[in-house]
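A lone chain, given as structure tokens: the form predicted alone.
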Amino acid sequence: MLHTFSTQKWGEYFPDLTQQCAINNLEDGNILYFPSLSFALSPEEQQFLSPDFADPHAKNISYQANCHKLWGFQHLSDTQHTQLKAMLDRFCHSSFDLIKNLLPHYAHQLTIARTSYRPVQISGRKTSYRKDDKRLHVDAFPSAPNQGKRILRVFCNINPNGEDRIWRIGEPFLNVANRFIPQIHKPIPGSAALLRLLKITKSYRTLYDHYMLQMHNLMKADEEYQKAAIQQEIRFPPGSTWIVQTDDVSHAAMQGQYLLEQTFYLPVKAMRDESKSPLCILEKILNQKLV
């Protein structure tokens, strides 16, 4: 489940054999784990180690590097706003350097998506079951269809109090899909175009997005599945980093505070083995094209 690397630098060079091993493990649904790869905060940045800066109406503090936009925050002065953006921008580019060096096969086709900072303790957060990340799920976004692209994420635990980020990891994607896909009906004809017209979705919701979102919701709603599914606990201590494709790996974040996360989108055609993608697996199960 965890494939461990000893690197301590975000810009470290990785030999060809390590690169091949990394991409094979990632596409097999494993987690690339860096127990000694920390993201150090400057003295000025350490002021953000507080949940008080998070907007209680937002899930996370979010940043978009390509337009330098920050949202999901509160109580920031102009100087603090600039400092927090700089911190998240630095994490974004550090994450991209790590991917470029470890997974160069992906680098030229990656899209840099949202950076997020999660300063709130997850174990006490009250939310609807669909937004509850303490339930096993695969990632799919209601308002942001990704049209088959992979969701590649870099996480780093920056907790200053010695607290682990605790995850549950569930069964392989094929098992999840075989369990839940038979319960999912096809979308109402024309619904995807209407959602786009009304700006409920930011782009067109393909059949792939429909099935992934419904599977995400069914997983979280199924109390028996949450208890009985094959799963294991993994602890990520402070100062550790991990890379995972969260559209494929069934996961739940159970406990932890102060996490940085960088999302990338990857076209399926950029994979070394496209057959291992959720898109190809679902198309095989349903016997139809989904994008």
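Nothing here was measured: the structure is a model prediction, and the numbers come from that model. From 1 onward, residues are counted along the sequence shown.
Just so you know, the form predicted together with a small molecule exists too; it's not on screen, but the next bit is about it.
Should the three residues Arg153, Ala253 and Leu259 be counted as contacting the small molecule in the predicted complex, with contact defined as a heavy atom within 4.5 Å for each?
Yes.
Which residue among Phe91, Trp167, Tyr208, Tyr117 has a heavy atom within 4.5 angstroms of the small molecule in the predicted complex?
So the residue touching the small molecule in the predicted complex, by this definition, is Trp167.
With the partner left out of view, is Asp133 within 4.5 angstroms of the small molecule in the predicted complex by any non-hydrogen atom?
Asp133 belongs to the contact set for the small molecule.
I'd like to know whether Lys149 contacts the small molecule in the predicted complex, with contact meaning heavy atoms within 4.5 angstroms.
Lys149: no, not in contact with the small molecule in the predicted complex.
Give a yes or no for Glu163: in the predicted complex, does one of its heavy atoms lie within 4.5 Å of a heavy atom belonging to the small molecule?
No, Glu163 sits far enough from the small molecule in the predicted complex that none of its heavy atoms falls within 4.5 Å.
Which of these stretches, 91-99, 104-112, 135-143, 72-80, has heavy atoms within 4.5 Å of the small molecule in the predicted complex?
This holds for exactly one stretch, 135-143.
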